[in-house]
Every structure is written in structure tokens, then in C-alpha cells.
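Single chain ahead, by itself, as C-alpha cells, in the form predicted alone.
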């Protein structure tokens, strides 16, 4: 494990080294939060609530979701895999004396952690204080939110890296736009599932993507309670295990037939 911890530390150091990128990310995150808050404030104009969701909860949902989106986007596993295959470096990675998938997880975890500390969390705190929104949940729910957010991050990462492994079959998958759109729609990143029509919400409920953004954000806003909260956390944990097993199966299968271009 010491080897993978070194990979994680190296990723953190690389992230800290480029200070301009840190400021650019902070400004970008702040701009997106302000944009989405303005959109939802306009939608709620003249209404105290919609579908039982108050404007304060909707704005807090937007802030939390944008924080999670920013942290998750710090890692780009599909692009990593496509680059390794296109440049012919994947074959050498397979021959090195460590597990390639674990290395990817360690490095990207370091990038996500450094992004959260240096950009995501400070921007959220600035926005939270500026909006003067009270914390809707207690310490226990905060811990459950952190657990849920970590589960959501793992679900997205494992599934995205699994899709990235398709590069070992197709060289150029061009699957990132489709993958991003699917996650944005069914995870509640763009529109909370509260406002979905019934047929679309039913589809979202059987997919793993709602656990990425909607569930943790709904926990933080206090909209998930009691048995429903327990159910969603259990389902999240099951999807973490299922997505990880999918990733390991994809890697075990893909690494037996490496097709590279370039090198």
C-alpha cells in the first residue's frame, strides 16, 4: 500500500504546484454556482415552494451539487485510458510491478482530495456564508452526507473508468459526451429528481447515477429521512460494490487483449 500512497501524494503535489489552475478553478466554480443560483431563484420567483421544495432547499441543493460536481470532475478516467491507449503507453503500464487500477484510483483520489481542499470547499463556504442559509441538518446527518458523497464519488469513478477501458477494444470510443449527458440527466446534477415526471423518475431510480449527486444533496438539504434515507444509503453501498466488481472484471478481460496505436 505504500507504493499507492506515494502515487496519491505525488498527485496532490502536482495539483498544488499549478497555482494558476487553482485560482481558475475557484473562479469557475464560483461562476457556476452563481449562475445556477440565479436560474433557480428566477424559477421560484413568486412561489414559496414547488413540489413541496422551498427555494432555500433548492438553492442549498444547487450549492452542494456543484461542490460534488467540481470535485468529481477533478479526475478524468476516460480521458486517461484513451490517452494511454492512443499513445501506446498502456502496454508498459501492464508490465509494471503494481496493480494499474489501484494506481489509477490512488492518483485520482489525490487529485480529488486536493481539489476539494484548495478549491471546492473554500468556494462552498464563501457561497454558504454569502447566501446566509442555515444548516438544515445536525452533526449525524453531516456524517451521513459525507459517507453518501464518498459513495457517489466511487460509483461515478468506477463506472467511468470501466467505460474508459473500452478503449482497449475500440482505440477511440468518443463515449465521454454520452456518458456525461447520461450522468447529468439521471444523477440530478442539472435538475433534482423531485421535478422529474413519474416515468423519468422511475428510470432514474433503477440506475446507479442518482447516488452520485441527488442522494448526498438530498441528505444535506434534509429531504431524505427515516427509512427512505436508510434505503438510499443501502442502495448506494450496493452500487459501490457492483461498480467496483464491474471495473475489476472489465480490467481482467481487457488486459488480456491490449491493442495500442502509436508508441
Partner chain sequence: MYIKLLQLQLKTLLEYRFAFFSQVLGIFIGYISTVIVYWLMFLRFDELNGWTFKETMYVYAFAALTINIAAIFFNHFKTMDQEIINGTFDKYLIRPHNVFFSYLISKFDVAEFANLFLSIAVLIYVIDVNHIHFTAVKIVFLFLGIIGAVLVNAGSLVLIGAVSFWTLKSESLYDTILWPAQFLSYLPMGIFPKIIQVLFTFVLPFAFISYYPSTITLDKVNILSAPGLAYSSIGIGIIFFLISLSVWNSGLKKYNGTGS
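Residue numbers count along the first chain shown, from 1. Worth saying up front: this structure is predicted, and the values here are computed from it rather than measured.
This protein has a second form, the form predicted together with the partner chain, left out of what is shown; the following refers to that one.
Residue heavy atoms within 4.5 Å of the partner chain in the model of the complex occur in exactly one stretch of 206 to 214, 34 to 42, 219 to 227, 60 to 68, and that stretch is 34 to 42.
Although the partner chain is omitted here, in the model of the complex all of 47, 190 and 195 have a heavy atom within 4.5 Å of it. Checking 185, 106, 84, 78 against the partner chain in the model of the complex, a heavy atom within 4.5 Å turns up for just one residue: 185. For residue 245, no non-hydrogen atom is located within 4.5 Å of the partner chain in the model of the complex, even though that partner is not displayed.
In the model of the complex, residue 98 stays away from the partner chain, with no heavy atom inside 4.5 Å. Taking non-hydrogen atoms only, residue 177 approaches the partner chain to within 4.5 angstroms in the model of the complex. Contact between residue 181 and the partner chain in the model of the complex is found at the 4.5 Å heavy atom cutoff.
Shown without its partner, the chain has 20, 21, 24, 25, 27, 28, 31, 32, 34, 35 in segment 9 to 35 as residues with a non-hydrogen atom within 4.5 angstroms of the partner chain in the model of the complex.
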